[in-house]
Ligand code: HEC
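Below you'll find only one chain, the form predicted alone, shown as structure tokens.
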């Protein structure tokens, strides 16, 4: 027995001790920490079923809402929120269904609720209605303009404004208000369907802006004129001037 392990490197012996301790800790911990009824039905505690069943019922379910609010349910069924449960916005309604005159469901009325789903996030799907909370009708509650059960916009956005509302509002108060977006941006038709794959083109030369702003140009005679051979050096115009609100700097 004295010869057992003779010739085995010390590193292997020490590693074996560590492995044995880890395995022992695993099996001891399994016996002490994992409930005895774990895995009886599936990968959870069997007694968890009784714990859940003993909890107070708080949610009523959408079907029971239609029994009293059939007009709203019908409106919602044909609107953009048709897949949204009533209790998603109004909170647990079981007590309301039991005592409708005594318990009133929660009614979201501030600006902090709708942006949970509709605030701009780059990870949200293309085409999903999103807003920049700080600039979209500031200080107004969402329900002032939108019926939450049929949340159509008060007016249908036109053209590029549908997705680029903030730029459209900026351009509306600029000197370029009457210049159509497609005058400066060559936009493939596929951009309307796959905007991240097919992007509009941007002007790449100083001569593009010079068509209106170069000295001697006859287009847009009321526009500010500059000597494009010397003005701004080698920089393209939009590197110094924001084209949607082109104030001089």
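Residue numbers count along the first chain shown, from 1. All values derive from a computational prediction rather than experimental measurement.
The discussion below concerns the form predicted together with the named molecule, not included here.
Trainee: Would residue 121 count as a contact of the named molecule in the predicted complex, using a 4.5 angstroms cut-off between non-hydrogen atoms?
Mentor: Heavy-atom contact with the named molecule at 4.5 Å: absent for residue 121.
Trainee: May I ask you to check whether residue 56 falls inside a 4.5 Å heavy atom distance of the named molecule in the predicted complex?
Mentor: Judged by the heavy-atom cut-off of 4.5 Å, residue 56 is well away from the named molecule in the predicted complex.
Trainee: Taking the shortest heavy atom distance, is residue 29 within 4.5 Å of the named molecule in the predicted complex?
Mentor: Residue 29 lies outside the contact set for the named molecule.
Trainee: Using the partner position in the predicted complex, report whether residue 40 sits within 4.5 Å of the named molecule, counting heavy atoms only.
Mentor: Judged by the heavy-atom cut-off of 4.5 Å, residue 40 is well away from the named molecule in the predicted complex.
Trainee: Just give me the residues of 175-196, first to last, that have a heavy atom within 4.5 Å of the named molecule in the predicted complex.
Mentor: Stretch hits, in order: 175, 176, 179, 180, 181, 182, 183, 184, 185, 187, 191, 192, 195, 196.
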